[in-house]
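Coming up are structure 1 and structure 2: the same protein chain in two forms, each one given alone as C-alpha cells.
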Structure 1
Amino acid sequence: MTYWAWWLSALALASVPIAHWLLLNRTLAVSGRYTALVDRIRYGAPETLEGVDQAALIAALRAETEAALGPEAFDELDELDEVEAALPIRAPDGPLMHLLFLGGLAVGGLLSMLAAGSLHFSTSLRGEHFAALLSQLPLPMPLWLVLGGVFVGFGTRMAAGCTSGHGLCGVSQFQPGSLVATAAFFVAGIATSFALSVLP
C-alpha cells in the first residue's frame, strides 16, 4: 500500500473537523452522535429549546455555578456577554442528521476500499499477529470482534469521548481531559504493538 506524505495526511485529517465545524456549527463527535441515537431509542426525543429565554438560562447557569464553585468562579469574566456568546441556544440534531453522519462514515470506508482495489468483507482481524494469537484461543474470531467493540464502547463512555472527539477536537482546543485521553490512546496502542511483536 502506498501512503501519503505525513504533511499531506496531517492537512487532510485536520481539514475534517474544521469542515465539519464550518458546515454544521458543531464539533466532530462520532461517539456523541451514536450515543444520541441510542438515548433517543431509550428515552425518547429530547426536549426542545423553543421558547426558552436565553437570558434566564444564562442567569440560572451562573447561579448554579456560583452555588457549586463559589462566587469567585466568574471573577475572570469581564462581562456576562462573554458567557452568552459562548453558549448559544440551539436545538439538538434530529435522528436523520446522526444517521446521515454515521452512514457517511460507512460510505467513506467503502469508497476507500474501492480506491485501494481490495473490496472484500471479512469477519477476522487483518493483522497477522492478532490472527495468530487469537487462533490459539477457543473463541471464534467474530466473537473476538464483538468483544473488542464492547470494550471500545465501554472505554468511550468512560473517557467521555472517542478518538475523534478527544484526539481531533479536544486536543486542538487544549482541553486537559482530551490531552490525557489522547495520550492514553497512543500509549496503549504502542504498548499493544510492542506486546504483539514479542508474543509467539
Structure 2
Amino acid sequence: MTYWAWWLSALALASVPIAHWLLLNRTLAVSGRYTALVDRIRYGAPETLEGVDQAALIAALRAETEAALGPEAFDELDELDEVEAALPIRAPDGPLMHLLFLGGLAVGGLLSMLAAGSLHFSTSLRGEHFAALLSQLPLPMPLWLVLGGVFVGFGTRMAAGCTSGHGLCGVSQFQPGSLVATAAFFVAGIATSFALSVLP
C-alpha cells in the first residue's frame, strides 16, 4: 500500500480532532476512552440522579451553602450563571460510546485495507523490519506485544493522555502538560527504536 504524502497526511490528521471538537463537542482523547472503560469495569455504572427530587436537592444544596458561606454567597450567582452558560457541561460518554469509537477505528482500518485491495489476515504484524526483529526477540511475540502494550496503557494513564489528546490537541493549544508529555514520548520512542535497531 502506498501511504499519503506528508502534507496530505498532515491535513487529514488535523481534520480528526477538529471534527471531533466541532461535531461531538469533545476533545479527541483516545486513551481517556480506555480509562473510562477500565473504570467502568472496576467501579460499575455510576450513580445517577434519576428518581431524585431535583427541587428538594437544590433547596438542600442552597441551605448547606448558606450555612457554610453565608447569604452573600448567592450574590455571585448571576456571575456563576454566566460561567455555566459558557461551559458545555455534559455527562461523560458511556461505555457504549467508547466501544463505538474504538469499533469505528477498527472498521476504518478494515475499509482502508479493502480500498487499497491489500486486506489479508495475519497472526503477526506486517512489515519486514518487524519480522526481522521477531527473529531476534528474547520473548515470544505475544508476550512482547502484551508487555509493550502494558507500557502504553500504564504510561498513557499516568500522563493522562496519549498521541491524540496530548500530541495533537494539547500541543496545538500550548498546554504545558501536553508539551512535556509529547516531548517525553517522542524522545523515549526514538531512544527505544535506536536500541532495537542495534540488537545483535
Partner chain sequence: MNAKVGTALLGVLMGVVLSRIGFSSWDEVHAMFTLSDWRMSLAFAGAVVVLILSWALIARFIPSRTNFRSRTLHPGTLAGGALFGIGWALTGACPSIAVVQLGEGQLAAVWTVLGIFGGNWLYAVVHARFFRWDTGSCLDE
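Structure 1's sequence is the ruler for residue numbers, which start at 1. Under this definition, the rigid core comprises the largest set of C-alpha atoms superposing within 1.5 Å between the forms. Computed from a predicted model, the values in this text were never measured in an experiment.
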item	value
Matching structure (the form predicted alone), either 1 or 2	1
Post core alignment: residue 134 C-alpha displaced by 2 Å or more between structures 1 and 2	yes
Core-aligned C-alpha movement of residue 67 between structures 1 and 2, 2 Å or more	yes
Is_shifted residue 15 between structures 1 and 2 (CA, 2 Å cut-off, rigid core)	no
Core-fitted comparison between structures 1 and 2 - CA shift at residue 117, Å	3.6
